[in-house]
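One chain comes next, on its own, written as C-alpha cells: the form predicted on its own.
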C-alpha cells in the first residue's frame, strides 16, 4: 500500500493527546506526537515533538474551552508544517451496549454513543465533541472509532453478566471492561511469546487488571464503568453497594433534586475517592511515596489498599485461568513504581510469582522475575496509539 499518514486522537477530561503515524505495508513509523493540557484553565500547555523528542511547538496558551484547545491542534495540522492526515483514529472509552465494534464514524454513530455518556462520564463528552469537530475540520478524511471495550468482547457471559434483574440487564447493564487498547497492545507486542495464561495489570491514575487466555480476554476488573474494579487515583473501585446507598441518603437529606443528588454521588465515587480520598493528599503515586517517606500514615494506608487489592485480583484471576504463565505490569505506575510492583508480588510467592529485587529495580521494559520463578513477570509499556493505527489500516482495507 502507499504511505498512509494516520492521525490518532486521544481525548481526556482536561487534555487532548495526539500523534501522527506513517503506515506503509506492515511498517508503522511515528512521525510526531503532542498534547494540549490544562483545558479549562489559563495555564495551558500545547506542545508537539518529533520522533527524536525534539520540540517543534512549545506554547503556554490560555485554554478556556475544549473548542479553543482542539482548534490549536487542527490549525497546526493544517499549517503545512506537518503531513496532512489521510485517516483519523479516535480512542473511545465506551460506545455503550449498541456500539461494540471499531468502525467508521458518522454523525449518527456519534449520536448513538452520546446516549451512553453515563457509562464513562469523565471521557465520553469530550470524545464525542472531538469526533464532531474532526468531521467538520477535516472534511473528506475518514474518521474511525477505536473502543477500549473492543478487546473485552470475548469475555464469556459468566464474566460479563451482573447479578441484577433482567429489566436492567436488558438495557445494557453489564461488565464491559476498559483499557482494552492497552491490553491489546501487550498481546501484540508479545506476539508469538504470548503465553496461554496471561494476566496484565494496567496501573495508572486509572487501574485495572485482565485475565487473558490464548491472547483473548476472559475476565477483567472494571465493570459497567471505569469506576469499578481496583481502587485507583480518584475512584472507589469495587465497593459494597450499601456504602453508596448510605452516602446517597446523606446527600439526599440536603439535595432536593434527584439528578443533582446522583451527580454528587458520582463525584463522590469517581472524583473524590480512591488514593485521593483515603490519603487526603493526592491521587499521584509519586506524591504518596514522598508522603510515606515522611511518615504519613494515611498515605501509607492508601497505597496499601491499592497494592493489596491488586494482589487479590491476581489471585482470583489465576483461579479463572487455572494457573498462570506470565504476569505483565503496564501503565504509568506499573512501569515506573518499583515499590508498588514489589508490594503487589510480595505475598504471591506460594502462587509461583517471585520477583528478583535487582531486576525489579528498573523503570521501563524488563523481565523482573527471578530465574527460578515459575511465573515470568515482565514490565511492558503500552502502545495504544499503535493499536489505533492498526485498526484504522484494517478498517480502511475493508
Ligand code: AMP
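Residue numbers count along the first chain shown, from 1. Just so you know, these numbers come straight off a predicted model, no measurement behind them.
Unshown form predicted in complex with the ligand; subsequent notes refer to it.
K.L.:
Looking at 117-125, 79-87, 198-206, 256-264, which one sits within 4.5 Å of the ligand in the predicted complex if you count heavy atoms only?
P.N.:
Among the listed stretches, the partner-contacting one is 198-206.
K.L.:
Against the ligand in the predicted complex, would residue 284 count as a contact residue? Criterion: heavy atoms within 4.5 Å.
P.N.:
Yes, residue 284 is a contact residue.
K.L.:
Can you tell me if residue 63 lies within 4.5 angstroms of the ligand in the predicted complex, counting non-hydrogen atoms only?
P.N.:
Output for residue 63 is no: heavy atoms all beyond 4.5 Å of the ligand.
K.L.:
Whether residue 38 contacts the ligand in the predicted complex should be assessed with a 4.5 Å heavy atom distance threshold; does it?
P.N.:
Answer no; every heavy atom of residue 38 is more than 4.5 Å from the ligand in the predicted complex.
K.L.:
Does the ligand come within 4.5 Å of any heavy atom of residue 370 in the predicted complex?
P.N.:
So residue 370 does not count as contacting the ligand.
K.L.:
Looking at 359, 45, 49, 363, which is the one with a non-hydrogen atom within 4.5 Å of the ligand in the predicted complex?
P.N.:
Only one listed residue qualifies here, and that residue is 363.
K.L.:
Can you pick the one in 344, 353, 69, 333 that has a heavy atom within 4.5 Å of the ligand in the predicted complex?
P.N.:
Answer to the contact question: 333.
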